[in-house]
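Only one chain is given next, in structure tokens, and it is the form predicted alone.
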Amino acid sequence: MGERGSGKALVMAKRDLGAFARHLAASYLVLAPIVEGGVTRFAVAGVDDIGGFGDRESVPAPSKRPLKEVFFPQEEVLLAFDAGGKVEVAAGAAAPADEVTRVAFGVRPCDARSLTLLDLVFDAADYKDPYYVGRRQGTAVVTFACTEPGVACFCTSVGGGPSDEAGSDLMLVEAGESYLVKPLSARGEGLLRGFDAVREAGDVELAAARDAEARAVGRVARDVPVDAAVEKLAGAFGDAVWEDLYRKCLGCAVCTYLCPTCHCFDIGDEATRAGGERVRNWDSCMFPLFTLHASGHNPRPSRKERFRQRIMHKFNYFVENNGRVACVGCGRCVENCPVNLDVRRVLETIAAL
């Protein structure tokens, strides 16, 4: 979203990261990885919170909860109505923003890439969700390239990587005692305006950044045969393999709620005699009520059908509709599944059919 930047690589000292964060906070509402109740999520950060990790010369930690809730909240009011028939659309959410007012700071490349997939759903040619689009156009994304991919990461198997630039407006890459600063859009260039602690990168910093990127790619632990699985899924809907693959699944939906690309939702009216609100909430294809018809019929009556739907949607249906898999390899579903149902093993099993 937005015009591409000049692409000129700049550099800042690591010790200036906190100053840069405070520079952003002076002009924008900054959302950064904050620990709340033991869980890391993107939330509004105070100047001290933002400056803290910068002063320690450290990179923001990966968030347990995905960046998607910054643009597609778990619960949001779409409109309000009263008994007299007056309807009021939720203020500030229904129209695209004219300018950048927020910055998501400390994003990892997989989460930034997930926005390009959500754009295909909520900002498509034939349908544009004004609530999502307004937040998306009004938010710049500052990404930090990964230096230590997690044990569950498989971003390189789905077209991404530790330094993937997709979805980012500005990327910082470790380069020894400095960060290589890469403006990737006009919005990213705008974030640097007035910040004097950057200079043009030299050969030494560029080489150090390339080395850091290569080391990070080498640390991605697993090469998952995603392309082979996508090819096999085209004819695997009725295969007996699903009888075994789903059995450990509890249907808890933690995989879909923590997934940065899952986007199922439900809309309901919460009303009283005086009026009410129309509310959109996250939902999940892993829940039996998601496909329950008013007649009482459910086309996905068991966990097998629901588990199959999740895999088919991400790696078959979404590919057929959009040409891309709906997965960024962040590993959240692997790390947080209570029964260790590993999507990487699922894909390997399907690829071997």
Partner chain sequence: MGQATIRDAGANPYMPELATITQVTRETDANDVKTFRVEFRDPSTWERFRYMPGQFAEVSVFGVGEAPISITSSPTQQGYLEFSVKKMGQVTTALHYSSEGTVIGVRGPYGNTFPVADMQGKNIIFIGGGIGLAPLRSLINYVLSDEHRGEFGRVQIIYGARSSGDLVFKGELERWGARADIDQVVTIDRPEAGWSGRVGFVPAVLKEVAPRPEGAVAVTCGPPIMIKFVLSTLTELGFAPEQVVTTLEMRMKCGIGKCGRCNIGSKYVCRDGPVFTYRQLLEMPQEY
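Note that the structure is predicted; figures quoted are calculated from it, not measured. Residue numbers count along the first chain shown, from 1.
Not pictured, yet referred to below: the form predicted together with its partner chain.
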Note: exactly one of A214, V204, A271, A186 sits with a heavy atom within 4.5 Å of its partner chain in the predicted bound form, namely A271
G194: touches its partner chain in the predicted bound form, heavy atom cutoff 4.5 angstroms:
no
In the predicted bound form, does P130 have a heavy atom within 4.5 Å of its partner chain?
yes
Consider E165 of the chain shown here, and say whether it contacts its partner chain in the predicted bound form, taking contact as heavy atoms within 4.5 Å.
no
Contact of K232 with its partner chain in the predicted bound form (heavy atom, 4.5 Å):
no
Within 4.5 Å of its partner chain in the predicted bound form, counting heavy atoms only, one of 178-186, 256-264, 155-163, 194-202 shows up; tell me which.
256-264
Taking its partner chain in the predicted bound form, which residues of 306-330 have any heavy atom within 4.5 Å of it?
R308, Q309, H313, Y317, E320, N321
